[in-house]
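The form predicted alone is given below as one chain in structure tokens.
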Amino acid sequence: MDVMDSIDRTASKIAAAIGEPARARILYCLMDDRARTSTELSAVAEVGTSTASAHLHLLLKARLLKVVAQGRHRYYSLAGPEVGRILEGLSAIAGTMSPKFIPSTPNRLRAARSCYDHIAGSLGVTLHDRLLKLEWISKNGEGAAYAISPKGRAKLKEIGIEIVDLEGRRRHVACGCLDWSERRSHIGGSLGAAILSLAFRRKWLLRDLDGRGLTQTSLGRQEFRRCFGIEPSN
């Protein structure tokens, strides 16, 4: 009972930390996996610098943010991919208030965007579904975690992703992450991060300069078709 009480109290503190509008704006701003200063985040939150500092202190205490000092500045970012998953899930829940789902996400973000360190939007959901259909991954019990099949290990290695390098970490190797624009899962976990990292290195995807949007290059469209059988969207 004491353990459950402790979990309940901790969970309620985390929920309260997210539940204040200015803090929520700070958290969602950092969903693009880029660190920002308190001055930048105060502008995002539309509050003064001293108020922003108080919000950031609370978010750090709730373990939703991490901070790195570099020179005269302190840079804040999400504490990890699990925080991104929580925020993405909350966005999906918030969008279910209407009886019929009508996407309101701008087309550019709906097509492809980053969800912390993996691919979200239509491209991320399509990738998730293709990996299941190709039987490279399979659902592992009732949770969100997926198992990587021997076939998947071999095929991913051909592409340049060694699953053995992704194992033994604190996060799932592969999991479903609820997509707030599509209301279905995109591929998350270490595998999702590895695919996005590979796509950046090989110039399959380019990150927008001012946000979370991702743009497929002509090479990227060819390579997503070749590697995963994903046809380019119009």
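Throughout, we count residues from 1 along the sequence that is shown. Owing to the predicted nature of the structure, the values given are computational and were not obtained by experimental measurement.
One more form of this protein should be noted, the form predicted in complex with the DNA, which is absent from this view; the next part is about it.
Colleague: For residue 190, is any heavy atom within 4.5 Å of the DNA in the model of the complex, or not?
Modeller: Result no; residue 190 lies far from the DNA in the model of the complex.
Colleague: Should residue 139 be counted as a contact of the DNA in the model of the complex, where contact means heavy atoms within 4.5 Å?
Modeller: Flag for residue 139 set to no.
Colleague: Would you please decide whether residue 22 lies within 4.5 angstroms of the DNA in the model of the complex, comparing each non-hydrogen atom pair?
Modeller: Answer yes; at least one heavy atom of residue 22 falls within 4.5 Å of the DNA in the model of the complex.
Colleague: Given that the partner is absent here, does residue 50 sit within 4.5 Å of the DNA in the model of the complex, heavy atoms only?
Modeller: Yes.
Colleague: Choose from 27 to 35, 51 to 59, 161 to 169, 196 to 204 the stretch whose residues reach within 4.5 Å of the DNA in the model of the complex, heavy atoms counted.
Modeller: Heavy atoms within 4.5 Å of the DNA in the model of the complex occur in 51 to 59.
Colleague: By the heavy atom within 4.5 Å rule, which residue out of 73, 133, 151, 157 makes contact with the DNA in the model of the complex?
Modeller: That would be 73.
Colleague: Having a change of 3 Å or more in the C-alpha distance between residue 35 and residue 124, I'd like to know whether it is closer or farther in the model of the complex than in the form here.
Modeller: Residue 35 and residue 124 sit closer together in the model of the complex.
Colleague: So the CA-CA distance for residue 193 and residue 40 moves by at least 3 angstroms in the model of the complex. Closer or farther than here?
Modeller: More distant in the model of the complex, by 3 Å or more.
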